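Subsequent text provides structure tokens for two forms of one protein chain, presented individually as structure 1 and structure 2.
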Structure 1
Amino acid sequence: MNIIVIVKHVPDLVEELEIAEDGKDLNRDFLKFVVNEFDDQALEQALLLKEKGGGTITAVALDAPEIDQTLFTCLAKGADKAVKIVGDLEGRVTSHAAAHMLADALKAMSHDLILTGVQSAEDLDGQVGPLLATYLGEPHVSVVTGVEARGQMVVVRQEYAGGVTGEFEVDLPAVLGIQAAPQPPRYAPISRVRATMKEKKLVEIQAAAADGAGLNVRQMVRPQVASHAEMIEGNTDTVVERIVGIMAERGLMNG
């Protein structure tokens, strides 16, 4: 099976996020980026499928700061080929535009399955998976937590609330939005990533022109929280004393 895995970078949410002066995007000058955690799950799912049934994996990403490192990491983990789509890609690229550019590039790449993360932290105009599938005319399933190859189709599990799961047969080619692979994403040591950088090259493809999402972003703000926790400060003893006091007041200490 020939699998394409789409990866993207998102701002590291552990870091402080600052809104740009015009109020319409994040201030991207000092942002730290990390690979979208769900894309990492998608790659892991692809690697498991390849290990079981053979085939190839191609990692595809739109150009972004430090994306080369991430694409080489995909290669170091076991992807066969890595493709970078380059072009006018400054700032936040909408999901609609990203999906258009990906669809244009992927049309020319033969594939059975396209896997991507179920969502990312910045897709305010929707998730890339279903957009891309629709532009390509392929079926799509999101929130997928298991994929099994079975001839010219895959059997997938889609997760609902409360631990209920749906099972579906999906004809190929298809696009799947991966929530979680059956096992945690593997780790590629930096030495192996460096070695891969010397051995392999990224394939570059020019991005097609793409329309936006049809939305005007009026402003971005930090949420005004109605309430905030009362913060307990001090050393461990003070903190523990206070927590026990709060629980005791509410009769929560009787086991």
Structure 2
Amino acid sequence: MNIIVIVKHVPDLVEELEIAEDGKDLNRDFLKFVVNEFDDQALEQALLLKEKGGGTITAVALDAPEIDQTLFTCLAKGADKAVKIVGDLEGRVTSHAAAHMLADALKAMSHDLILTGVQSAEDLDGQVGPLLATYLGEPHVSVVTGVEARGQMVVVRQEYAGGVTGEFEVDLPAVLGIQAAPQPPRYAPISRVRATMKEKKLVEIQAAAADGAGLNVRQMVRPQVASHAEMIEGNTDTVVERIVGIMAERGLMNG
């Protein structure tokens, strides 16, 4: 099975985040970037499929700051090939534009399965996978928590609210949005990543022109603290009386 895994770099959310002067993006000059956690889960799922049934894994990413190290890390973990899509990628790339560029590159790459993270911590819209499947004319299933290969199809587990899961048989080729692999993503020591940098090279593909459709950020602001929670103390009668009073103050009671 030939598997392609889409990976993306996102700002490290443990860092102090500042809004850019135009108010439409984060100030990225001093940001630390890490691989999107759901993409890391997608890579782990691909590695498990390869270990069980053989095949090849190709990691693909749009060019971005420090993306080379992420792609070499994918190789160090067990991917066979890494592709970087380069071009005019300055600034924020919308999900529509990213899907267009990825689809154009992937049409020329033989594949049975494309795995993406279910969403990105950077936008949380989860649209790259569905859009990519649409542009490629392939079936898509998202919020996937397990994949099993069966001949010319895969059986995928999809998670619903309340811990409910469903199973689907999906014909190949297909695009899957991975929420979680059956086990935590493996770790690649920095020594192995550095050795991989000396042994292997990244393949570069020129990005195709993409339209500007998608979400446009009009303004970003920090959350404003309006008030704090009120802790109600006392016996049952006191607590109930205060709750009723609060509801009355806010017009939540009739009569």
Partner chain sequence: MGNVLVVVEQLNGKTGEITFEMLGKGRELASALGGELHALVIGGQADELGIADKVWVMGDGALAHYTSANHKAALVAAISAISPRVTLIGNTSIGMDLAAGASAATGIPLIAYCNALRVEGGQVVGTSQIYGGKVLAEVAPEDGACIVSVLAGAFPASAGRSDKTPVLETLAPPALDNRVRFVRLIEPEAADVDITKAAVVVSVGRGIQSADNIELADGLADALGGVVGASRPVTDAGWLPKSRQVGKSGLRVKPKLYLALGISGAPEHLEGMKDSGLIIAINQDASAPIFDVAHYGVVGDLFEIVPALTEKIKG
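Note that the rigid core is defined as the largest set of C-alphas that superpose within 1.5 Å between two forms. Reference numbering: structure 1, starting with residue 1. Keep in mind the model is a prediction, meaning the values are calculated, not measured.
In this comparison the chain labelled structure 1 is the form predicted in complex with its partner chain, and the other chain is not. Once the cores line up, the CA of G245 ends up 2 angstroms or more apart between structure 1 and structure 2. With the core held fixed, the Cα of E21 is displaced between structure 1 and structure 2 by less than 2 Å. Comparison between structure 1 and structure 2 places the CA of I232 17.0 angstrom away from its other position, after core fitting.
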